[in-house]
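Encoded as structure tokens, the following chain is the form predicted on its own, with no partner shown.
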């Protein structure tokens, strides 16, 4: 979903750059509460994995491409604030060193891939975690659903940006169909990969998974209550 230079007009690109800058600034403060001796190395691994996964791209048309996004995966593993920073670093490296997405479109790509996917993926995950039984085995399925939901929503946001400030001579209806069709399919792959990665880590070290920590604390509280009763 990397948006290339010139695909959106200057006002739209500047607006998304402002949104991205504000989001990263807030994430820098929020990440202080998430990162510790265990999660800091995990954040580096997550950024590396997302960087590699995004190298697998699928041409969609009109100069755009689709690929795995990784926002929900990063949010569940290291927390939403740290996830925003991980995705922003990945997108910055891709734009500056690999000409992937373009420098003038960096704010747009951070907004779509680093903010929208994280917010939607984490929001769906937290909502499911609240209503599902308090079991760590359900962390991976909840993460998978959040990952799936984040992809078409990001595609819809991009479509809205294109409707407002699209510069390419492409019909809006064609963009909508292409983006939603491809990214619904990509969302299934994103859900599968997210679920497998989270499940594998939860199985051996659930304490390393940010999204599983409240469940571990709940389980410890239940054990203590049983022991004292």
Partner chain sequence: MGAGHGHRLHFHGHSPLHRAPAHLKVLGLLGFMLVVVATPRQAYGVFVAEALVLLGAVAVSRVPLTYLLPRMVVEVPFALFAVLVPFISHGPRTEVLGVTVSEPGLVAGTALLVKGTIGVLASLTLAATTEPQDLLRGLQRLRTPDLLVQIMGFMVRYLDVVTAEMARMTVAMRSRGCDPRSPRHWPVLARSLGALFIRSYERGERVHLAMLSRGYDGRLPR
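Bear in mind that the values here come from a model prediction, so they are computed numbers and not experimental data. Residue numbers count along the first chain shown, from 1. Here the rigid core means the biggest group of C-alpha atoms that line up within 1.5 Å when the two forms are laid on top of each other.
Note that the form predicted together with the partner chain isn't included here; everything after this is about it.
J.: Select, from the options 97-105, 127-135, 146-154, 114-122, the stretch whose residues sit within 4.5 angstroms of the partner chain in the predicted bound form by heavy atom distance.
T.: After filtering at 4.5 Å, what remains is 97-105.
J.: Is there a heavy atom of residue 32 lying 4.5 Å or less from a heavy atom of the partner chain in the predicted bound form?
T.: Output for residue 32 is yes: heavy atoms within 4.5 Å of the partner chain.
J.: Contact between residue 168 and the partner chain in the predicted bound form at 4.5 Å, heavy atoms?
T.: Flag for residue 168 set to yes.
J.: Taking the partner chain as it sits in the predicted bound form, is residue 22 in contact with it (heavy atom to heavy atom, 4.5 Å or less)?
T.: Contact with the partner chain, no.
J.: For residue 161, is any heavy atom within 4.5 Å of the partner chain in the predicted bound form, or not?
T.: Judged by the heavy-atom cut-off of 4.5 Å, residue 161 is well away from the partner chain in the predicted bound form.
J.: Do any residues of 175-211 have a non-hydrogen atom within 4.5 angstroms of the partner chain in the predicted bound form? If so, which ones, in sequence order?
T.: Read in sequence order, the residues that approach the partner chain (within 4.5 Å, in the predicted bound form) are 189, 192, 193, 196, 197, 200, 201, 204, 205, 208.
J.: Do you see a C-alpha shift of 2 Å or more at residue 45 between this form and the one not shown, with the core held fixed?
T.: Moves: yes, 2 Å or greater.
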